[in-house]
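Listed next as structure tokens is one chain, alone, in the form predicted alone.
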Amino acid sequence: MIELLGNLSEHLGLPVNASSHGHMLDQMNGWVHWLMIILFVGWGIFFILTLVKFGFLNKEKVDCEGVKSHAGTYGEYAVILFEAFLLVGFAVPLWSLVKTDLPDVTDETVEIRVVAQQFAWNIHYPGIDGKFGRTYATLVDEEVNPIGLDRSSPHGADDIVTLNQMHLPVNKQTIIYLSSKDVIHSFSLPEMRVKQDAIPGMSTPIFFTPIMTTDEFLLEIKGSAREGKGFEIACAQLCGNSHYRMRGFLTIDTEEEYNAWLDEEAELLEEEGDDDDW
């Protein structure tokens, strides 16, 4: 019954769900809408009955006693119980699942850093060694080193940095360490049911597991208004006069495609290093 009523979310025009935890958020969304429907219909009926009883049918007589029934009080209790059910049964467990219970990092976990700035997303991948190099504010150069990565630091030489382009493998848990260089931004992946503020001076972990590749997603949305458009990274927090163009792109690959992309980026990095030596 809980799942059946929660399926109302399928008719609300939500983005396609492409993460392992997304269906639970959608289920809660469906239940919240049921509550809103009940309140809208219930209070609408009450309002109409009030107009009829104390207005249209009682024009010449003033009722000094008012309503003696306790139905309104019972209705308020029912709403409180419903809200408590949503809070305890859905909201608290979901918050714990997607926000507070940080998963253990294993060899199968994909870890990346995302550094927001006006008006772009800097994506930082550890290299082959699986460890992030150090970053320093004094090394920041907007053209060649936007995150201030120290290539001479331990583990820093093989790190991969991209601008507005994020690649992830399907069916693998991803942990993103989110931060900002300037103002507060909001990192949003609608299809992954992920949204988190990027706050200067803080590194906030967010985690999710993609369950649909970009190719599968494009097939899913074929014929819709979004046909041909893949996953996007949006900024959901007004962050300046060019907030509207702060958009990145997320590609969910198969394991083989993801590894091939990493190899390609590593080769480009080696070529850049060879050019510097020359």
Partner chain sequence: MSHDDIQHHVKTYIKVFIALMFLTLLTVGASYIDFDISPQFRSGAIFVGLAIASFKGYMVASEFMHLNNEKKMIYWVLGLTVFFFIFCLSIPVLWEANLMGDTNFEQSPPKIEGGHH
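Predicted model only: the values in this text are computed from it and were never measured. Positions refer to the first chain, counted from 1.
The protein also exists as the form predicted in complex with the partner chain; that form is not presented, and the subsequent description refers to it.
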So which stretch, 95 to 103, 167 to 175, 152 to 160, 122 to 130, is the one near the partner chain in the predicted bound form (non-hydrogen atoms, 4.5 Å)?
95 to 103
Using heavy atoms and a 4.5 Å limit, would one call residue 89 a contact residue for the partner chain in the predicted bound form?
no
State yes or no: in the predicted bound form, is some non-hydrogen atom of residue 109 no more than 4.5 angstroms from a non-hydrogen atom of the partner chain?
no
The partner chain contact in the predicted bound form: residue 74, any heavy atom under 4.5 Å
no
Of the residues spanning 186 to 212, the ones with some heavy atom within 4.5 Å of the partner chain in the predicted bound form are 201, 202, 203, 204, 205
